[in-house]
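Shown here is one chain on its own, the form predicted alone, set out as structure tokens.
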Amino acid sequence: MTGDGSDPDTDSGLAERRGLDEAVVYQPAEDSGLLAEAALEEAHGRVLEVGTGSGWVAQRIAEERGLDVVGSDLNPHAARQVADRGVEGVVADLLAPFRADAFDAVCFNPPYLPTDPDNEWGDWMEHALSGGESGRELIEPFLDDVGRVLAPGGVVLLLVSSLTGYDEVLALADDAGFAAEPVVEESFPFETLTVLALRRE
């Protein structure tokens, strides 16, 4: 109950929280569309979308390919949104809670904007957008661990921005034991976006 005696779990409270969800969850944009395009072509078996945001990509994979999909996000508002789309939603820090060899495809549109630490804004949208000073703050630990949860014959679909350092990401993937192949790519005025398919060498 709130201080005025009203119950925050009434329909109006839920509606307000759903409105809040929209404001603090990354919604589909050009990068989402590219990841979805790659996933519809390459994904198979049991699929994990890390950093699912609104769950739009996960929902498309589930509905258009008929695959078993899990959408995970550090943001609990995002996990709720993906569940509202009929996809299993999990609150997770990257790959931490998932068991070995659990997924045949892992998709990730990481936060990739290089961000000056003095200008970080400290909310859920920052978590969705900021890739730290290099733009690779989450890409590095993701690549270090994704091989653990990937089943034999599996594929990782990783969206990379030129702002993040394309060659640097290729080197990280190589260090993690993956061969990288571009699946889709599109150029915009300020960046080029590429989805890489990573497979164990």
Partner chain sequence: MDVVCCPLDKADLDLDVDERDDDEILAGTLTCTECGETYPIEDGIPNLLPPDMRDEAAA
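What you are looking at is a predicted structure, and each value in this text was computed from that prediction instead of being measured. Residue numbers count along the first chain shown, from 1.
From this point on, the text means the form predicted in complex with the partner chain, which you will not see here.
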property: Within 4.5 Å of the partner chain in the model of the complex, all of Arg46, Gly89 and Arg148 (non-hydrogen atom); result: yes
property: Residue contact check: Ala173 to the partner chain in the model of the complex, 4.5 Å heavy atom; result: no
property: Non-hydrogen atom contact Val70 with the partner chain in the model of the complex at 4.5 angstroms; result: yes
property: Residue contact check: Phe103 to the partner chain in the model of the complex, 4.5 Å heavy atom; result: yes
property: Arg85: touches the partner chain in the model of the complex, heavy atom cutoff 4.5 angstroms; result: no
property: Contacts with the partner chain in the model of the complex, stretch 63 to 82 (heavy atom within 4.5 Å); result: Val70, Leu74, Ala79, Arg80
